[in-house]
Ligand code: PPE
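One chain is shown next in structure tokens, namely the form predicted on its own.
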């Protein structure tokens, strides 16, 4: 990965290589930590962080769900991210920001409330999550053999580190099978989300996305819905069966890292014409106009980093 100069850790900016933890840190052994994925884009006015406050609030909400007491306010964490972008003096078109909180060294055993809470924020330059070619041509998607755990088995609404073992195994399965990404179904056999992104399909000119019954409330998904409706498209939130995927006119993934990634194939079935569809292209183009500050209507979602 592309190392930067500094990482914010427990209220201080420290050199990238010195941001270390003890091997007996609680989260390493038991998996209870919370993360965020936020992105800054290089606009005509300098770097701007997209929907910063929304992401930071979601981090705090995830921590509350998993009983981690982050000792910083949303405002303090927002300011730390702004300053981190500023002092690292990035030059690329976009920068990925990873705020996270985890349980450090001090206790062992499953009862975690006595473990110290560590809070950190890293940022680095990162290209297209699923590849530049995938952003243009579209990716190949495989429905994973494992499903998202049921609501009675995990906290799918929390952006918790433990939840990503499920995603990691699904992603590995997809890539080892020759695909680019995995799509997971819920415990009833309906589409939940990709390993690290939300899902949309297009049928008869309408955008359809599954409800967030047991998945993260996606900030990018909300942005796409808002923008699509502004363009006059009907957006429907409902269950999507596996079979229905195969007859979609278009499909795409959404997420902070994935941005708007077209899907050209699902389980060896060609989606639409086998390349990025016209509605997907319009949404993708519009999304980049928003995050790069070229659409004034959505500029309130940008937090500019002053040098």
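Residue numbers count along the first chain shown, from 1. If you're wondering where the values come from, they're calculated on a predicted model, not measured in any experiment.
Below, we refer to the form predicted together with the ligand, which is not included among the displayed structures.
Engineer: Taking the ligand as it sits in the predicted complex, is residue 102 in contact with it (heavy atom to heavy atom, 4.5 Å or less)?
Structural biologist: Although the ligand is absent here, residue 102 would stay clear of it in the predicted complex, with no heavy atoms inside 4.5 Å.
Engineer: Would you check, heavy atoms only and a 4.5 Å threshold, whether residue 26 touches the ligand in the predicted complex?
Structural biologist: Outside the cut-off, so no.
Engineer: Residue-level contact is defined here as any heavy atom of the residue lying within 4.5 Å of the ligand in the predicted complex; does residue 66 satisfy this criterion?
Structural biologist: The answer is no: residue 66 has no heavy atom within 4.5 Å of the ligand.
Engineer: I'd like to check something about residue 188: if you look in the predicted complex, is any of its heavy atoms closer than or equal to 4.5 Å to a heavy atom of the ligand?
Structural biologist: Answer no; every heavy atom of residue 188 is more than 4.5 Å from the ligand in the predicted complex.
Engineer: Are 96, 197 and 257 jointly within 4.5 Å of the ligand in the predicted complex, each by at least one heavy atom?
Structural biologist: Yes, the whole trio is in contact, each within 4.5 Å by some heavy atom.
Engineer: Please pick, from 119, 161, 209, 218, the one residue with any non-hydrogen atom lying within 4.5 angstroms of the ligand in the predicted complex.
Structural biologist: Result of the distance check: 218.
Engineer: Based on heavy atom distances of 4.5 Å or less, which listed stretch (121-129, 135-143, 231-239, 87-95) is in contact with the ligand in the predicted complex?
Structural biologist: So the stretch in question is 121-129.
Engineer: Which residues from 36-72 come close to the ligand in the predicted complex, meaning a heavy atom within 4.5 Å?
Structural biologist: In sequence order, 37, 55, 58 come within 4.5 Å of the partner.
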